[in-house]
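Taking the form predicted on its own, here's one chain by itself in structure tokens.
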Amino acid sequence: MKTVRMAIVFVVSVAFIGVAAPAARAQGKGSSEVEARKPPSVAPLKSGAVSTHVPFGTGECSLCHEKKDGKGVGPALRPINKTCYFCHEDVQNVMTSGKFKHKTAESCTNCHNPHNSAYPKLLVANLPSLCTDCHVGIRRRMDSKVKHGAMTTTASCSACHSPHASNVEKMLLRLPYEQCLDCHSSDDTKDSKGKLLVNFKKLLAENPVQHAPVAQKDCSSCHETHGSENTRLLLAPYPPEFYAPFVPANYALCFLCHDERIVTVKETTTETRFRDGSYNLHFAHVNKADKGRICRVCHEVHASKQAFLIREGVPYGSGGWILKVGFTQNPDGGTCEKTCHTAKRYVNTVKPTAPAAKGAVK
């Protein structure tokens, strides 16, 4: 059967393309920067208290101080944290058992007023400013155009991090992947614009072919955790449209791992198996100055039912219509039908060049 050149899908699979050595990730750039701040005042508020330490509120100053007299209580009976642990044994247990300890928690009064406070839980400031006063790198990430919704909830930083100690790096409450799925496993989670987000637990259960970062449980391979200048908290730019002019910088996210030659080389027998002979069909499909098809036109970015993360259909336009991809894999290539064009087949084998006849002029 005569093969025809076609433009089907941009296959982001190791089986179709080589994966370049990962470039230096943009994730969390500068986010680990921490600055010390001046210790807050521990003096009682005269007015405006929202939370009050019970011993202070009931006048039992001698529980922590040498004297009961509120006007002259004298010094604390014990060092700060030992004084707190006298009652708050649960926190002491966390600090003792946690492999990773929050340095600020070495003194409880770095974050809590021991008497009363204008904020809940005797905090000296509201979240997230309490945390970002020190974690200035995170504050800069949060000032990005796209903010992680978890940071805007009441729990804010404490939705993901322990303020005292943890057995997971970065003071996380759980392993990163598990923590992401804790929120992103419902049918009613929405973004800041009210658009429903994917139920990942359901998606992964129904789609066994997973993108390598997902299979490795590494969401941060592609996403920032606090804020980003790119849609969906992506680490680097990626076109959100169905069609996009091809500019390498616009696909910086993909090229963090995948070699850009997959779409910049027109003729090849090694860069990809998605080719008609030596004609690179990734190039034909994506590398256009006007209406290049982006990767997601034919590929799922997280998981799929089909090999090479090829999707069954893609939303086309804002009306919700699904454009069927119609891809079938063949031993020597594949077929695409009932999509943007008539049925077309490609064969990725390359016929060897016939040897020159003896005596022929080369």
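Residues carry their position along the shown sequence, with the first being 1. Just so we're on the same page, rigid core means the largest C-alpha set that superposes within 1.5 Å between forms. Because the structure is a prediction, the values reported are computed rather than measured.
One more form of this protein, predicted in complex with heme C (HEC), exists but is not displayed; see below.
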Just to confirm, with a 4.5 Å cut-off on non-hydrogen atoms, which of Ser221, Ser228, Ser166, Asn207 contacts heme C (HEC) in the predicted complex?
Ser221
Interface membership of Cys157, heme C (HEC) in the predicted complex, 4.5 Å heavy atom rule
yes
Heavy atom of Lys99 within 4.5 Å of heme C (HEC) in the predicted complex
no
Is there a non-hydrogen atom of Val34 within 4.5 angstroms of a non-hydrogen atom of heme C (HEC) in the predicted complex?
yes
Please run the contact check for Glu267 against heme C (HEC) in the predicted complex: heavy atoms, 4.5 angstroms, yes or no?
no
Would you mind checking 118-149 for residues with a heavy atom within 4.5 Å of heme C (HEC) in the predicted complex?
Lys121, Leu122, Leu123, Leu127, Pro128, Leu130, Cys131, Thr132, Cys134, His135, Ile138, Met142, Val146, Lys147, His148, Gly149
If we fit on the core, is the Cα of Ala307 displaced 2 Å or more between the shown form and the other one?
no
Cα displacement of Gly320 between the shown form and the other one reaching 2 Å, rigid core superposed
no
CA of His115, rigid core aligned, shift of 2 Å or more between the shown form and the other one
yes
